[in-house]
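Only one chain is included here, represented as structure tokens and corresponding to the form predicted alone.
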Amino acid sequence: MSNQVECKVENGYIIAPKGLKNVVPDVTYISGVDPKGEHTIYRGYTIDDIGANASFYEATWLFHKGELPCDEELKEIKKKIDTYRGQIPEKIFDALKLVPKAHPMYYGAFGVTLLGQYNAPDEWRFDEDFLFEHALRLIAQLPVIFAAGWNLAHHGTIIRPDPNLDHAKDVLRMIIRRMPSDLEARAFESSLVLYMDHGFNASTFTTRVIASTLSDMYSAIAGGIGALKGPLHGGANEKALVMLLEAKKLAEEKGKPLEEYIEEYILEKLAKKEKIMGFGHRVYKIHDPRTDVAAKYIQQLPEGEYWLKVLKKAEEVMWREKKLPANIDFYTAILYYQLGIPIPMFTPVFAMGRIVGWTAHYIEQVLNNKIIRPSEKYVGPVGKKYQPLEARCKK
């Protein structure tokens, strides 16, 4: 089973490859790869087009309604997200004070579960308006929970949301504990949009599996957070930045410019068969256009020209040696570093964007639902019979 790469039929069952590689379990109108296999698509638009141009509010409306909003629709969703952001029950903040310092993804999973206790009715419903309102609550409130959990654990205080600020600016303010500039806020906002969805990735599929049982949205999102916490899904930009900062330190010790030393550093790691984080992509085999969006903001932020030279040189080396392009995580590693976001908060920031996709997929699943319950191929022993303790443990 572990070496399978294609599905096959056996005794009337479809035997899928391990990890469901190349398996399409369902259709979606939300996001995926275009028919030519060249781009990731958000509701008909390329991901880099929306990432470069759309606001968080516009992209959220697009995900949930299928089209970009007009004036009144944009005002509506902005008002709702900004209002909901400031409506987290005080008892949730009290509960977060009791959570020990932990991986910050725990704050989100814990807080979302509590939100379900306060926001969700006793009997969960499945009409579109009801689901959309709860999606907006989650989209607005999950970032506040992440920021509050982090700040309580590391600073002993909560920075409260300000509904008068735009969503991205307010969220970034709560994370970095200062008022960001408009440029910083837009760079952060753009990254959230770029991370909103990516087909049936592990966390999105987890969310859809839970949704298919007709569990509530809050429980499904908690599951998605748990899946994203795994290092094989989230966390690539965290590891990429740790690597880049290590290379920077070594370059300084050797008295070499990092944009030159990075080649030596990468070649040494490759010689040791170590993985270079932030390279390779399932869709983008030659170039990830999302990196162009991130690069535009990196260039305008502190030490931007310096870091772009380093990133481009690393790309050049990895393409020459492995034919692997840099992906968005390699660039957001530096972007978030420039913004002053703590490294352990990189994956929660990923979730702050992906919550839009998770909620959209939850709704799409439950409105055209069939429980996701695959069969298994049992390969263990058969024919065993129970024996009493004395008999089965006789020496």
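Numbering starts at 1 and follows the sequence shown. In this text, all values refer to a predicted model and were calculated from it rather than measured experimentally.
Below, we refer to the form predicted in complex with acetyl coenzyme *A, which is not included among the displayed structures.
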| All of G234, M318 and D329 within 4.5 Å of acetyl coenzyme *A in the model of the complex, heavy atom check | yes
| query | Tell me which of 270 to 278, 82 to 90, 293 to 301, 131 to 139 has residues with heavy atoms within 4.5 angstroms of acetyl coenzyme *A in the model of the complex? | reply | 270 to 278
| said: Can you tell me if F350 lies within 4.5 angstroms of acetyl coenzyme *A in the model of the complex, counting non-hydrogen atoms only? | reply: yes
| field | I176 within 4.5 Å of acetyl coenzyme *A in the model of the complex, heavy atoms | value | no
| task | Examine R282 and determine whether its closest non-hydrogen atom to acetyl coenzyme *A in the model of the complex is within 4.5 angstroms. | result | yes
| field | is_contact(K322, acetyl coenzyme *A) in the model of the complex, heavy atom dist at most 4.5 Å | value | yes
